[in-house]
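Single chain ahead, written as structure tokens, the form predicted alone.
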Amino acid sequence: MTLFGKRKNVLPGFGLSLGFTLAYLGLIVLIPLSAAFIKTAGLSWADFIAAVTSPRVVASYKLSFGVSLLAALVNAFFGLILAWVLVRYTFPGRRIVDALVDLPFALPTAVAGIALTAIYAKNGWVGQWLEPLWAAGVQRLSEWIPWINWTEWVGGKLAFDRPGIFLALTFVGLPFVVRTLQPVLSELEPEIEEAAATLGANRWQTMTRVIFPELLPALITGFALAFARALGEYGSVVFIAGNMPMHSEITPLLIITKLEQYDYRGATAIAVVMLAVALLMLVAVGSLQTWSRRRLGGVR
């Protein structure tokens, strides 16, 4: 303790740390993001609304948000299973599988898109077997439920259509869920499950009432990260999507298209909408995490 009752710290002072943090965030995050808003400010309100609500743009919104949400939900489910297996079980090749989870992080997105296209195209290693089955399934759905245009909704083929977008977004988002859940699962002691079994809980009750509530905040975080990653993905999708306007054209591709056409204000207007929605989604997820922690007693 000093003469005035203040404790000295060997780490840099609060002022220096805060100044460095704000300067770094300003240069890397705030200034680039604010440039989009400044560029969009040159548009009148009517021009802004027209730019972000044209039929082609709205169709890209529906596709990007819809497929990103579906991919994030699938990653949340299978990512939970994969993280559980990697943490709780020991098997030959476990370290290889664990390393492969990080492959989408290290692999350039363009390489991922080309690889997925080569695998799932009509003449690809997997696509030559799966695409006829997919087309037959879509045809069967059209016969069973004829009032829905299933070819429009789910696509008639794997690569160069909507299923290809889903495959690419699932590929890039899976590591976020697995790596978010693994530390929480590692800290979750097996004795908790044994205690629940001793008290008479079956496996389903142990999973839903003991384990899952502890994993819920981390699962929500992984889902949000996977969703945000899928929402802004471009490189791996552009090769396998088909890029047909009003059908398989994602919003990031539409932004690039407008930039190539020198429509900078239109591109930044669409980017601002995507940014605003992403920020609202992150705020909502943060609020949901806080609520779940308070409900479980993590925050008093």
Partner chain sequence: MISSFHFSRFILVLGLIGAVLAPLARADRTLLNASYDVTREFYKEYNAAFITHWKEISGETIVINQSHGGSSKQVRSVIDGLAADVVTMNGVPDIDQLAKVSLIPADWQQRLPHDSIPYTSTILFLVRKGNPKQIKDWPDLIKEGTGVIIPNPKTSGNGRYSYLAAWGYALRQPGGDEAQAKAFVKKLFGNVPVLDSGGRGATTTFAQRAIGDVLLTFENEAALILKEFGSDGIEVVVPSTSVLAENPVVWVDKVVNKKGTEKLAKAYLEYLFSPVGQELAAKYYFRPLDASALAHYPGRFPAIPLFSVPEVFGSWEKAQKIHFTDGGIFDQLYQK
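All values reported here derive from a predicted model rather than from experimental measurement. Numbering follows the first chain given and starts at 1.
A second form of this protein, the form predicted in complex with its partner chain, is not displayed here; the remarks below concern that form.
J.: Which one of V273, L33, L259, L69 is close to its partner chain in the predicted bound form, taking close to mean a heavy atom within 4.5 Å?
T.: Among V273, L33, L259, L69, a heavy atom within 4.5 Å of its partner chain in the predicted bound form occurs only for L259.
J.: Between the options L185, A118, V97, V154, which residue brings a heavy atom to within 4.5 Å of its partner chain in the predicted bound form?
T.: In short, A118.
J.: Consider Y61 of the chain shown here, and say whether it contacts its partner chain in the predicted bound form, taking contact as heavy atoms within 4.5 Å.
T.: So Y61 does not count as contacting its partner chain.
J.: Taking heavy atoms only, is G42 within 4.5 angstroms of its partner chain in the predicted bound form?
T.: Heavy-atom contact with its partner chain at 4.5 Å: absent for G42.
J.: Even though its partner chain is not shown here, does G26 get within 4.5 Å of it in the predicted bound form, heavy atoms only?
T.: No - in the predicted bound form, heavy atoms of G26 and its partner chain never come within 4.5 Å of each other.
J.: Flag R179 as yes or no: does it have a non-hydrogen atom within 4.5 angstroms of any non-hydrogen atom of its partner chain in the predicted bound form?
T.: Residue-level check for R179: no, no contact with its partner chain.
J.: Thinking of V87, A201 and F223 as the candidate spot, does its partner chain come within 4.5 Å of a heavy atom on all of them in the predicted bound form?
T.: No residue of the spot touches its partner chain in the predicted bound form.
J.: Pick from 223 to 231, 122 to 130, 98 to 106, 201 to 209: which stretch has non-hydrogen atoms within 4.5 Å of its partner chain in the predicted bound form?
T.: Comparing against its partner chain in the predicted bound form, the contact stretch is 122 to 130.
J.: Using a 4.5 Å cut-off on any heavy atom, which residues of 226 to 247 would contact its partner chain in the predicted bound form?
T.: Going through 226 to 247 in order - heavy atoms within 4.5 Å of its partner chain in the predicted bound form - the hits are G242, N243, M244, P245, M246.
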